[in-house]
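Coming up is one lone chain in structure tokens, specifically the form predicted on its own.
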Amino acid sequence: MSKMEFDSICKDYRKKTALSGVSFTVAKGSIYGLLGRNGAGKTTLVNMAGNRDFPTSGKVKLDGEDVKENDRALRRIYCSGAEELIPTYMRVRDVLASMRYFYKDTDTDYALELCKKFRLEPAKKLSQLSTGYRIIAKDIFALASGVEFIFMDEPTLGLDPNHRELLYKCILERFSDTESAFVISTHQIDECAGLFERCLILKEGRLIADEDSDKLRRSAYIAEGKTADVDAFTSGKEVLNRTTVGTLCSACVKGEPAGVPDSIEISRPTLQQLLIALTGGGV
């Protein structure tokens, strides 16, 4: 099974360390969520996967080969992000045609089918598209690229709910047909939670979780009730975060609940709630 390895990745800028000793593996046949707050290092990792940025130390490898300036490896990887890397004077259909020069397995017919589903006119220039439709075009390029490893950085940015739902369906269908590895970085966490088999969570440039999604959610619970009751129940436990509104309190607690009094209500956190608890504040 083909795999990409991010081996002890560090990235230092002049006044900031963006990534510090990040290691994980991405294998074909899985969909990964790359999650974290703004500035956690997600986009930097995606750019490194596509040779748009380079580690200060550490390596990104595909089946044991360093991907740095390695066209043979890079032909098997597609990275899509919010930044404008494709000339906006190009028409959608011309981008698809040009992709075949580097990505030999680009499926133009499939891309045109997606254009119909999303009501995107292939004859339009990227500069003529709205912000949302430019993102849709980039998503279509990624899905049609025919590669084994697809990285999508904020693929739903600017998309309305209908288009987001359609995109999730298309990703699942494409994954089912190809078993390409998908790595999706997004802030639409609960919407995408059903896609992710595994979650990679970054906090301030460090990888704090590399876990099966269901197992990750089961690693904590939410205790709710009157503040005094919650404080008494959680005393001595690892509380990830705590919210108080008036006389009521909600605490996200690491581990399994035991000895729960009748005054406390227990539930499992959503993936977004758990991410907030693990990384602090909003996402």
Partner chain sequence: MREFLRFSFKSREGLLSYLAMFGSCLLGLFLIHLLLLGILKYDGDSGITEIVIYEWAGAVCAGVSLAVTGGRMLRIAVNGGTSRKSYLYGMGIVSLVFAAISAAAIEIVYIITDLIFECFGMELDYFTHIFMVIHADYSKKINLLSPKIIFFNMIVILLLVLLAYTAALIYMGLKNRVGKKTGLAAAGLLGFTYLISYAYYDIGVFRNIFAWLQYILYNIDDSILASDPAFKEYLIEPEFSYLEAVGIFVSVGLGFFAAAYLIYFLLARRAPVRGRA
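From a predicted model like this one, the values you see are computed outputs, not experimental measurements. Numbering follows the first chain given and starts at 1.
Form predicted in complex with the partner chain: not shown, discussed below.
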Are all three residues Asp53, Leu74 and Lys104 in contact with the partner chain in the model of the complex, where contact means a non-hydrogen atom within 4.5 Å?
-> yes
Contact residue in the model of the complex, from Glu84, Glu179, Asp160, Asp210 (heavy atom within 4.5 Å of the partner chain) | Glu84
Which listed residue (Met90, Ile189, Leu129, Leu114) meets the criterion of a heavy atom within 4.5 Å of the partner chain in the model of the complex?
-> Met90
Spot the stretch among 220 to 228, 235 to 243, 254 to 262, 54 to 62 with residues whose non-hydrogen atoms come within 4.5 Å of the partner chain in the model of the complex.
-> 54 to 62
Would you check, heavy atoms only and a 4.5 Å threshold, whether Glu121 touches the partner chain in the model of the complex?
-> no
Report yes if any heavy atom of Arg174 sits within 4.5 Å of a heavy atom of the partner chain in the model of the complex; otherwise report no.
-> no
Is there a heavy atom of Ser98 no more than 4.5 Å from a heavy atom of the partner chain in the model of the complex?
-> yes
Would you please decide whether Arg134 lies within 4.5 angstroms of the partner chain in the model of the complex, comparing each non-hydrogen atom pair?
-> yes
